[in-house]
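First, one chain by itself: the form predicted on its own, in structure tokens.
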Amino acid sequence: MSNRTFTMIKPDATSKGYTGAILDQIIKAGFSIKAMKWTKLTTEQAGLFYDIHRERGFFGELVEFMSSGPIVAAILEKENAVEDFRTLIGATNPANAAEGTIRKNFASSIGENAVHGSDSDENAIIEGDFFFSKLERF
């Protein structure tokens, strides 16, 4: 078990001005930010990041969406980080997300679900390494 996880605040949430409120909810849940950047993915970068989904029918739509506007990428730290963050963000479908979760509060659909969260310790490392050099982490 790792004490770090990775997240992205997605283009739907950044375009609606939810970035600050989402970060506030993350911090109030006990996570500390160890790296963070505001950036915009190219279609090539989004394709590389989501390569695990390349063979799935939604891949093209996902890449287009994730490269449609700015995102906030961050590495977060807390004991039991991956599992606790998955609980904080809620179900992928905001209609099924628990009250008070980030997706219940800020997402509008399965596709525009406000935030990404790593699903395993291994993926948290891979995803964090995709966005941040060792010099950018604290």
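Source: prediction; values computed, not measured. Position 1 is the first residue in the sequence shown; the rest follow in order.
Keep in mind that the form predicted together with adenosine-5'-triphosphate (ATP) is not shown, yet the notes after this line are about it.
This chain is drawn without adenosine-5'-triphosphate (ATP); in the model of the complex, the residue among 78, 104, 40, 86 with a heavy atom within 4.5 Å of it is 86. At the 4.5 Å threshold, heavy atoms of residue 47 stay clear of adenosine-5'-triphosphate (ATP) in the model of the complex, well away from it. Residue contact check for residue 36: none of its heavy atoms lie within 4.5 Å of adenosine-5'-triphosphate (ATP) in the model of the complex. adenosine-5'-triphosphate (ATP) in the model of the complex comes within 4.5 Å of a heavy atom belonging to residue 92. Taking non-hydrogen atoms only, residue 115 approaches adenosine-5'-triphosphate (ATP) to within 4.5 angstroms in the model of the complex. Counting a residue when any of its non-hydrogen atoms is within 4.5 Å of adenosine-5'-triphosphate (ATP) in the model of the complex, the hits in 42 to 70 run 50, 53, 58, 61, 62.
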